[in-house]
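Shown below, as C-alpha cells, is a lone chain in the form predicted on its own; questions about how it binds or moves come after it.
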C-alpha cells in the first residue's frame, strides 16, 4: 500500500466513522438510561432517511434543511415506542426487551416495504461538489459535512447532558434511577425523553447519509450491526466511547478495504468485536462517562 492510498483510506474511514459514532451514541444513550439494547435503532435510521427523501422528492428540500424535521419526527416516534411498548416491559429480563425491539424492527421494515416498496432511492444535493481535492487526496464533500454535523451534535449533546436540568436528570437516572426518583426526577418522563433523543440521533444520522447512501426499507441492517460493534468497543453506556469507537471502526474498515481482497473487509469490524469481547469485555473506555 502506498502512502497516498493509506491517507485516502484514513480520511474515508474517519468520515464514515463519524456516522457510525452518531448512530452508536443514540444506542448507548438508550442503553445507559434504560438498560435496553435497542435493535430498532437501524430501522429508526431508515425512517429518518425516508423523511429526508420525501421532503426532497415532494418539496425539493435539501436533506440538510429537512434534518430538523427528521429529528423531530423520530423523537416523537422514539418517545411513543418507549411509552406505548417498552415502558410495559420495565423489569422484564434483558433478552425479552431485546426480542421486543427486534420485533419492532421487523414491523417497521415490513411496513416500509409495503408503503414505500423495495425500490432503491437516492437524493442529489445541488450546489455542492462531489469531492474536494487536498494534497492529491479526494475528500467526499457530503461525508465531510456529515462528519462536521456529527462533531457539532456530539458537543451540543455533551453540554445538554451536563448543563440543563433535563440532561442532568438523564445522567442521574442512568447512574441510579431509584436515587433520582427520591430527589424528584420523573423517571418515566426522563425515559421517554432519553429514548426520543436516541431515536432523533438515528433520524439525524439517516438524514446526513441520504446524499451518499441509497434509501431502502432494509438499509438499517447495514448500520445496526456496526453500531453494536462500536458500542461494545467503546463500552456500553459510554458516550465518548461510542464516538471514538465509531471512528476506530470506520478507519479499520477503510484500511481493510484497501488491504484485503474482495469483501473480506466486511470481516474486520466483527473480528475486532470478538477480540474486544475476549480481551476487554467492558470496552476500551469500560463503563459510563459521568
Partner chain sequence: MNLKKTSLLYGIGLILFIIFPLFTDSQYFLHIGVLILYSALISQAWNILSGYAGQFSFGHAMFFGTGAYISATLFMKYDISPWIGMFAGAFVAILIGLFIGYLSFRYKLRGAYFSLGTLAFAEILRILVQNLDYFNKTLGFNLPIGNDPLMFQFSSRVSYYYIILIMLIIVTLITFWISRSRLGFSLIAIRENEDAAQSLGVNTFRAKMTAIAISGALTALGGAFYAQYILYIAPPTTFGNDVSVAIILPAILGGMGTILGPIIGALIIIPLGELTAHYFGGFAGVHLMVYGLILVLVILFLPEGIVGWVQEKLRKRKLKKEGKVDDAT
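Residue numbers count along the first chain shown, from 1. Quick caveat: nothing in here was measured; it's all calculated off a predicted structure.
Unshown form predicted together with its partner chain; subsequent notes refer to it.
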property: Candidate stretches 196-204, 152-160, 100-108, 127-135 - the one whose heavy atoms come within 4.5 Å of its partner chain in the predicted complex; result: 100-108
property: Joint contact, 144, 176 and 184 to its partner chain in the predicted complex, by non-hydrogen atom at 4.5 Å; result: no
property: In the predicted complex, residue 172 touching its partner chain (heavy atom, 4.5 Å); result: no
property: Close approach of residue 56 to its partner chain in the predicted complex, 4.5 Å, heavy atom; result: no
property: Interface membership of residue 37, its partner chain in the predicted complex, 4.5 Å heavy atom rule; result: yes
property: Interface membership of residue 94, its partner chain in the predicted complex, 4.5 Å heavy atom rule; result: yes
property: Neighbours of its partner chain in the predicted complex among 262-278 [non-hydrogen atom within 4.5 angstroms]; result: 262, 263, 264, 266, 267, 270, 271, 273, 274, 277, 278
